[in-house]
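Below are two forms of the same protein chain, given as C-alpha cells: structure 1, then structure 2.
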Structure 1
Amino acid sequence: MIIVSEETCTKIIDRASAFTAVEQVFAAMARGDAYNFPVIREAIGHAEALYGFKSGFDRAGLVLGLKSGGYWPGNMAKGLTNHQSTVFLFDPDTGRPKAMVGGNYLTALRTAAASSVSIKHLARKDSKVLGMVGAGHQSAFQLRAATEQMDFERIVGWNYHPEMLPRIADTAKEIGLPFEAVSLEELGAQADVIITITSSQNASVLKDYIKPGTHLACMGTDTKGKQEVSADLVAAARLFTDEVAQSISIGECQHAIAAGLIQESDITPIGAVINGDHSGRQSEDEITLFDGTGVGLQDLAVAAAAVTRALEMGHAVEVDI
C-alpha cells in the first residue's frame, strides 16, 4: 500500500491540480460515470466531535475509496486544525487497499477548487469585486483559488468575529489586491462574486443585500441545520450544486426545500454546465448560486492525483500489508 503523508501532500499538490481534478470529477458525476455513496456523519458523544465517512466510485477515472474524518472543535487549542481527515483508496479491480493519503490539506484545496470551478463557469466575466463571508482557516484557500479564475480588482470581507479578518487582509496583500472590512449590507452592494465559508446555523446573507448579477458560492453548509444565506435568496437565484441529493438534505438548499420555495428540479449539477449540457448563467442580471456541499468524489479525485504525483516525484512510502 502507498502512503502519502499530510506533509507530502502540501509539497506536491497545488491549486491547479486540485482544480482540474475537481472539475473533471464534477463532469464525470453529471455524465453518470461517477457516483457518491450515502454519507455517514454522527456526533460521537466525545470531545464534541462529529465523525463520518464520504465515499464513492469514479468509473471513468477508476478511483474507489472513502474519506474518514470529521470536526473536533477543541483542536485549535491543541495546535491542530479542527477538521481532521484521511483518505483511503482501493483497487477497483480487486478491492485491495491501494493508498492512504493525508486529507486535511487536500480537503481545504478541494473545497476551494469547487467554489473556483463555480466561479469560472457561472460568474459574470466582468466581475471585479470579490466578497468573503467568513475568515476561518478555509478562507485563505478560497481567496487564492478564486482570484486565479477571475480578474478581481479588490476584496471586501465580513466575519462574525472581526478580529479574524486580518487573515483575509494578509492573504489579499500576498495576492496584491486591496482589502476592506465592510458590513454585510455593504458587502452585498459591492461584491460581484461572494464566497460564504462559515459554520453558521442562521442565515447571515439576506436577499435584500444582494445586487443583480451576483454569483454566490455557498461553501459552509454541509450538515442538516446549517445555513449561511436566507431561503428566499436561494429561491431568487438560479441554482447549481455538486450533488443534488446532498444539496436538498444537508446543503444550503435544504431550507428553501423545507419551506416549499423551490423544488429538487430547480437545482442543476455544476457538471452539466462543465459538460456543455446546461448553459449556466442565463443573463448578466441573474443571481447564480452554487451550493457546495462537499462530496466524497472530490476527496478521492485530489487524493488520487496526490498518489500519482508522489509516485512520480519519489515521495510515496510503500508498505506491505
Structure 2
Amino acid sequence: MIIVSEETCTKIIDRASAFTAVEQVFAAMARGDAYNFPVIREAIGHAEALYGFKSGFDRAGLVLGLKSGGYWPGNMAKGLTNHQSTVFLFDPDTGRPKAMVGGNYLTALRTAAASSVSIKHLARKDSKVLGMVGAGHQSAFQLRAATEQMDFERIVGWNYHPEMLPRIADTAKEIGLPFEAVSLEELGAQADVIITITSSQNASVLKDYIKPGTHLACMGTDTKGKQEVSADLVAAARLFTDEVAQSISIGECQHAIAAGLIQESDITPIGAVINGDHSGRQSEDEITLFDGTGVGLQDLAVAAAAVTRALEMGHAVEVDI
C-alpha cells in the first residue's frame, strides 16, 4: 500500500491537477460512469465529534475508495485543524488496499476546483469582478482557483466577521489583484461572479442584490439547515450542481425545494455541461448558480491524482499490509 502524507500532498499536487481531476469526475458522474454511495455522518458521543465517510466508484477512472473523517471542535486547542480527513483507495479489480492519502489539504483543493469548474463552464466570458462572500479557511483556496479560470480585474469581498477579511485581502495581493471590502449590496451590484463559502445558517445574499448575468458558486452549504443565498434567488437562477440528490437535501437548493419554489428537475448536473449534453448558460442576462455540495468522488479523484504524482516524484511511501 502507498502512503501519501498530508505534508507530501501540499508539495506534490497543484491546482491544475485538482481542476482536471474534478472536471473529469463530474463528467463521469453525469455519464453514469461514476457514482457516490450514501454518505454516513454520525455524532459519535465523544469529543463532541462528528464522524463519517463518503465513498464511491469511478468506473471510467478505475478509482474506488472512501474519505473518512469529520469535525473535532476541540482540535484547535491541541494545535490541530478541527476538520480532519483521510482518503483510502482500493484496487477495483481485487479489493486490496491501494493507498492512504492525507485528506485535509486535498479537501480544500477539490472544493476550490469545483467552484472554478463551474466558473469555467457557466460564468460570462467577459466577467471582470469576483465577489467573495466568506473569509474562512476555504476562502483563500477558492480565490486562487477562481482567478486561474477567468481574467478577473478586481476582487470585492464581504464577511460576517469583518476581522477575517485580511485573509482574502492578502490572498488577492499575492495574486496581484486589487481588493476592496464592500457591503453585500455593493458586492452584488459589482460582481460578475460570486463565490459563497461560509457556514451560515441564514441567507446573506439576497435576490435584490444580484445583477443580471451573474454566476454564483455556492460552496458553503453542505449540511441540512445551512443557507447562504435566499430561496427566491435560487428560484430565479438557472441551476447546476455536482449531484442533484445532495443539492436538494443538504445543498443550497434544499430551501427552495422545501418552499416549493423549484423542483428537482430544475437542477442540472454540471457534468452534463462538461460533456456537452447541456448548453449551460442560455443568455448573457440570466443568473446561473452552481450548488457545490461536495461529493466523495471529488476526494477520490484528487487523491488518485496525488498518488500518481507521489509515485512519479518519488514521494510515495510503500508498505506491505
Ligand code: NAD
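Keep in mind that what you see is a predicted model, and the values were worked out from it rather than measured. By rigid core we mean the largest C-alpha set that fits within 1.5 Å across both forms. Start at 1 and count along the sequence of structure 1; that gives the residue numbers used here.
Between the two structures, is it 1 or 2 that corresponds to the form predicted together with the named molecule?
Structure 2.
Leu80 C-alpha moves between structures 1 and 2 by 2 Å or more, core aligned
It does, since the Leu80 C-alpha is displaced 2 Å or more between structures 1 and 2 after the core fit.
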